[in-house]
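One chain comes next, on its own, written as structure tokens: the form predicted on its own.
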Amino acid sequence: MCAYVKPDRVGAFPFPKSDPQVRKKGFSEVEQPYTKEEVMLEADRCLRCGNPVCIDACPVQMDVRGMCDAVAAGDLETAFHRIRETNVLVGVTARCCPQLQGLCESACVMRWQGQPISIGMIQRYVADWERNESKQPEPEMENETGKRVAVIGAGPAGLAAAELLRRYGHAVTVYEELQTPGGTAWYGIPDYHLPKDVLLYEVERIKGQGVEMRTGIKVGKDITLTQLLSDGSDVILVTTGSRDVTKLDTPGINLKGVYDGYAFLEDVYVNGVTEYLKHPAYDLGKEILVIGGGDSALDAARTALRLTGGNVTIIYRRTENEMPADPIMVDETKEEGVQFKFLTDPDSYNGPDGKLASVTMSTMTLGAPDATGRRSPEAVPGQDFEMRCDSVLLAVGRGPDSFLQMQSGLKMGKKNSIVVDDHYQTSMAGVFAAGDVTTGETLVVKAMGHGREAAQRVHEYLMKLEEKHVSLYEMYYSQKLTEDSYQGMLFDREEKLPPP
């Protein structure tokens, strides 16, 4: 078990982490839980704002305020039910959300005093308490409707959508091509970040609500959309996620030793690290380069470090300030000894007899902003240099999984994404789509939010409801958030005012 590094104080920074010199030799979880005393103290820092912007910043509108209110009082049961109402993967998102990057902790008004509430750590404590100590009943379900929905893809978007549709009383069957549900959360997020027993527990809870999951079935190959509709499904919701990696044409990219970083992560984690270690599929050597600046690039680097104990360097063509990766993960990666080389980009992969031996790198500078507003990297003439290496892992971005739309003829947009209208309907009657397959790669919790929104539209379509009818969440918000948490803020506690 990893050594525990005690935080100097409770709060978002610093938070408990295992010793980097120990953790980099294995796959146990990096971030460590609060004690009960710590979590209650941290929750009590919450101001119980009358206008909880933290909830608005959450893609699944999780009742952050209600959770903190209950945890501060030591009422973990109430805390769990408040966050479980709209978040079907409470333990997963507690660990996988970059809360400080435009989400709940970023919106927390306590940041004006230097540190937002450590919402993710509080949420994790509540989720782990329920899983390990006191299993709670599921949210209430509505009466059976007789309608049947097929959800294609058991990733975060599909799981969130399936659970909400089931709660509305529809029969739901999820089709997943892999043997284990979870999508990217299963095969793309390392165990040291998300222990897989957490995900599996929450998947089993969804099954327990009556959602049928059929794994090992690739829709578009083993069965078509038309067959699903003719075999009893009233509606299909496609949530197949991101899978198509960005294609590069750098000279030498097909040399042995240049690997797809996303495929590498999937191969290591899809059947469990223990199984992978019995039959390793990659000979990475000791000098490893990882190309990319996102979370997946960091995960590829940290996984390679754990598997080899070698020298791992992340190559990124912009500066650290422009990296899209979660800054907390960047810090953890540095703590473990992974090196970073910025303003650097591969120009060619070199090696005799078809085997990678080195990479010729271009030195970059930041030029004018591109279409997204980010400054475009440009090569500096005459400043190329060579880096010797045994292997390279490429993690420079993924687009939507294009297989199903190409097979079925669904209308496609940018990067072969599925085109949907404002109601999440595709070009095929009775077929809806949501999540990364429509937007491109995004966060787990954002995909879940997208899936829930699509599920709401599917429910309205099936039941022929007005577009503005009250959803389950709106009903919960008005009854629980306003009545319970707000009244508690006004009358049960000493007044706390937000900073000016």
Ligand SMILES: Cc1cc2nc3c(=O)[nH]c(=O)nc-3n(C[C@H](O)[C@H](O)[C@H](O)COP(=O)(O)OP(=O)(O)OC[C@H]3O[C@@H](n4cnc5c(N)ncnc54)[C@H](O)[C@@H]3O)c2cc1C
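Bear in mind that the values here come from a model prediction, so they are computed numbers and not experimental data. Position 1 is the first residue in the sequence shown; the rest follow in order.
Not on display, but discussed next: the form predicted in complex with the ligand.
Q: Work out which of the listed stretches, 135-143, 272-280, 395-403, 195-203, brings a heavy atom within 4.5 angstroms of the ligand in the model of the complex.
A: Heavy atoms within 4.5 Å of the ligand in the model of the complex occur in 395-403.
Q: Would all three of 176, 188 and 444 be in contact with the ligand in the model of the complex, where contact means some heavy atom lies within 4.5 Å?
A: Yes.
Q: Counting only non-hydrogen atoms and a 4.5 angstroms cut-off, does residue 265 reach the ligand in the model of the complex?
A: The answer is yes: residue 265 has a heavy atom within 4.5 Å of the ligand.
Q: Residue-level question: is residue 296 within 4.5 Å of the ligand in the model of the complex, judged on heavy atoms?
A: Looking in the model of the complex, residue contacts with the ligand include residue 296, since a heavy atom lies within 4.5 Å.
Q: Tell me, yes or no, whether residue 91 is in contact with the ligand in the model of the complex, where a contact means a heavy atom of each within 4.5 Å.
A: No, residue 91 stays farther than 4.5 Å from the ligand in the model of the complex.
Q: Check residue 218 for me: does it contact the ligand in the model of the complex (non-hydrogen atoms, 4.5 angstroms)?
A: Residue 218: contacts the ligand in the model of the complex.
Q: Given that the ligand is left out here, which of 344, 184, 426, 86 has a heavy atom within 4.5 Å of it in the model of the complex?
A: After the contact test, the surviving option is 184.
Q: The ligand isn't shown here, but in the model of the complex which of 356, 288, 96, 420 has a heavy atom within 4.5 Å of it?
A: Of 356, 288, 96, 420, the residue with a heavy atom within 4.5 Å of the ligand in the model of the complex is 96.
Q: At a 4.5 angstroms cut-off on non-hydrogen atoms, which residues of 145-164 are near the ligand in the model of the complex? List them in order.
A: The stretch 145-164, when checked against the ligand in the model of the complex, contributes 152, 153, 154, 155, 156, 157, 158 at the 4.5 Å heavy-atom cut-off.
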